[in-house]
Every structure is written in C-alpha cells, then in structure tokens.
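Next comes just one chain, in structure tokens: the form predicted on its own.
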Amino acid sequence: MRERGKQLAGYPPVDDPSVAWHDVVVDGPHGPIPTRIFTPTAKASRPRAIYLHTHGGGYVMWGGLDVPHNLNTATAKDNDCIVVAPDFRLPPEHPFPVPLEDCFAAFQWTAKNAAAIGGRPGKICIGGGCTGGNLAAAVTLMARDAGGPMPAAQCLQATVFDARCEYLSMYENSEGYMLSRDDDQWVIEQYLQDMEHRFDWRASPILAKTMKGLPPTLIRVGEWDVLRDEGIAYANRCRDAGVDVTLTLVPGESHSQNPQHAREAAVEMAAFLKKYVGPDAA
C-alpha cells in the first residue's frame, strides 16, 4: 500500500530550480521530526507567507520527506510561499495521538522560527488533504485551546472531519468514487486502533465543543466524495461560530481531484493564501 501511495503522490522527487529546499529536525514529544522547508529562489522584497503542509495519504502512507516532495515544490512555486513539510510518524506503528502531536510540535516550531526561515511571523496557513486536513484542523483547535500562537488560516481539502463515518454521502458515494466508506473506516482504524477515540474531538474535529475563535478557513470537497457531507457540516459549524469560511463544493468530482478542476483549485488556494497570509494581509 505504501508503494502505491508513492505513485499517487508523484514520487520520485524532481527538483525545480525555482524552488530551493533544505531539511531541519524539529524536536517533538515522541522524538525528532524530520522536516523539509521549500523556499522560492526568486528574491523577495518582503517576508513570504508560510504554508505548513500536513500531508494526506490515508494516515498510513506518504511517509518520508521525498514522497510529497513534488507536491510541496509545486505549492511553493505556485503561491510564492514557504512550505514547511513535517515527516510526522505514521500509524499503525505510531497510532493516535502520536501523528497529531508531531504535527502540533511542527506548527509550534514554525511559529517560533517563522522570521528565521524568511516568513511572516503570525501569518501561517496550515492545511492538507483528506487525513492531512484532519490533522491540520485538529492542530488549529489545539493551538486555539492552548492560547496561541494560532494559524492565521487553514486550508482543508477533502478532509476527514468525523471519524464516525455516518453521513449520507458515505452511503450515496460509497462505491465507485475512488474512496469508499470501507476504505475510510479502514484507515481510521489504523490510526485510532481503539475506536472509542472516534468520539475524541482531536480525532473528529467536528466534535469540538465550539469552533469560536478559529481562523479563516477554506474547505473544498467533491460532490461525489464520501466526505462531502462532513465537510459541509464542518463549514456550517464554523459559520455558526462566526468563523470566516469559504466552502467550495466541486461538481462532478470524487475524492480524487478531477484534472479538469486542478487549475481552478490552484487559483482558489492562491487567492486564499494571498488574502489571509500574504505580504499584504492585515
């Protein structure tokens, strides 16, 4: 499965002269966290936005700094931003909450070192797709509850917001749309191992007591994704709490991005980053 995951991520890595990268080691509660930092090589007149990418891969895949390398390079290039990509520990070898705690440590390190890596202190967007979005959403809630520092924005794509897997779209789109309900349950089982953790908001961010105080949030999910309805529900909970939310429901798209929508998705993310964490963001 992990070999298949590499193919889906666009492995092996290919360097782009427009983006430089270097590796650092972040101290975490479970030991060192290898982390790769991607920076556009073009000279910047002002500090750049930072995007902390908590990668997807169904929790169990995409481990290793090289696996999401091409995706992170493209993000840095397309958005003229710095990408920080932690290689957090993966289940089943390292079950919940270890991966989440690694990601939280990576966020805290990034917030502390933003200026040193060429970024804007206090202007960090955290995000990811699927299970990476789950980790990003939980880190943001943890940061809020800890009293800061906080992400300035979060970008959550086709995200697992609820480990209970009991939404209408789970059944409507259960077969034939890349990610099935059984697949979703399986990866959640690998992550949690004790399924009672489904009711812990750190595993199911939608169960947090309140969404009040969360930063501007972009949620993008496909019409045919099993995760569609929990994405809509999370957006509604955020709106009810006064959070600035952009919800994009993509017609004709499953859990896997429709190539016809790739440019649209990139433009939307670029505009979101520019507005909330870019050089001119308040």
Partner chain sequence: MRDYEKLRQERFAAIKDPVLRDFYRRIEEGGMAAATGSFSMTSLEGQMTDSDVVYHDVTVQGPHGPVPTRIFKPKNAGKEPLGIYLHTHGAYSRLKGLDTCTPMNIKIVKDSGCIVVHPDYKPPPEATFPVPLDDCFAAFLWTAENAERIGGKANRICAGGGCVGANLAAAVAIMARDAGGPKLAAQYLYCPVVDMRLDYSSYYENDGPGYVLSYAFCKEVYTRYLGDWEKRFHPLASVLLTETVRGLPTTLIDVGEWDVLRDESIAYANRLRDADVDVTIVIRPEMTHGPTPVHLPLIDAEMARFLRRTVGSGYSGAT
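Positions refer to the first chain, counted from 1. Not measured: the values here are computed from a predicted model.
Not pictured, yet referred to below: the form predicted together with its partner chain.
Participant: Quick one: in the predicted complex, does every one of D15, N70 and L90 get a heavy atom within 4.5 Å of its partner chain?
Facilitator: No, the candidate spot makes no contact with its partner chain.
Participant: Only one of 81-89, 104-112, 150-158, 195-203 has heavy atoms within 4.5 Å of its partner chain in the predicted complex; I'd like to know which.
Facilitator: It is the stretch 195-203.
Participant: Since only the chain is shown here, I'm wondering whether Y167 would be in contact with its partner chain in the predicted complex (any heavy atom pair within 4.5 Å).
Facilitator: Answer yes; at least one heavy atom of Y167 falls within 4.5 Å of its partner chain in the predicted complex.
Participant: Can any non-hydrogen atom of H255 be found within 4.5 angstroms of its partner chain in the predicted complex?
Facilitator: Because no heavy atom of H255 falls inside 4.5 Å of its partner chain in the predicted complex, the answer is no.
Participant: Applying a 4.5 Å heavy atom distance criterion, does V98 contact its partner chain in the predicted complex?
Facilitator: It does not: once its partner chain is placed as it appears in the predicted complex, V98 has no heavy atom within 4.5 Å of it.
Participant: Would D240 sit within 4.5 Å of its partner chain in the predicted complex, counting heavy atoms only?
Facilitator: Judged by the heavy-atom cut-off of 4.5 Å, D240 is in contact with its partner chain in the predicted complex.
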